[in-house]
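Take a look at this one chain, the form predicted alone, written out in structure tokens.
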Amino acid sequence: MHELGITQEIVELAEARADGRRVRKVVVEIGRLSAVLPDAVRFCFEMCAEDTSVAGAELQIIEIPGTAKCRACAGMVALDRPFGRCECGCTDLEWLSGEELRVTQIEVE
């Protein structure tokens, strides 16, 4: 469960950016191809935020769908998993989105 360590990093980043102010909301983008489970991050967030300026803050997770471009025909492919096949039959895909894992917004009091 690497999400515990990831969530600790999210909380530490939010605390550092808040610079002593209470954090009200943290927005995180998690790509579907990132191998990070949003539900596990939600589960860990409250525990990691305990006794910090992030305690009680809302966690909003935006899940980014996976998309890829076929290297053979340039067709676009939607990906729910880290592999897929283009309509032309090719599996050589260039991932365009879905690997994201970033804090995009922090609201403070």
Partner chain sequence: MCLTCGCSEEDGAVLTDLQTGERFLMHDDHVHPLGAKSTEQGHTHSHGHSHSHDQGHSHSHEHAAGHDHPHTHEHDHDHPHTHDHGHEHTHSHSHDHGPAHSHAPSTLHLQEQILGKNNVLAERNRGWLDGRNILALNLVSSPGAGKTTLLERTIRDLGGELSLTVIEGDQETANDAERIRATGARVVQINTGTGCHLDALMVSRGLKQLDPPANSVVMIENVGNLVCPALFDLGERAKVAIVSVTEGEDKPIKYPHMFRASEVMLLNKIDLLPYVTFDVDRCIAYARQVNPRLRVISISATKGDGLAEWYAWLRAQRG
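Residue numbers count along the first chain shown, from 1. This structure is a prediction, so every number in the text was calculated from the model and none was measured.
Just so it is clear, the following notes concern the form predicted together with the partner chain, a form of the same protein that is not shown.
Proximity of residue 34 to the partner chain in the predicted complex falls within the 4.5 Å heavy atom cutoff.
In the predicted complex, the partner chain lies farther than 4.5 Å from every heavy atom of residue 88. Residue contact check for residue 82: one or more of its heavy atoms lie within 4.5 Å of the partner chain in the predicted complex. Contacts between stretch 38-53 and the partner chain, counted in the predicted complex as any heavy atom lying within 4.5 Å, involve no residue at all.
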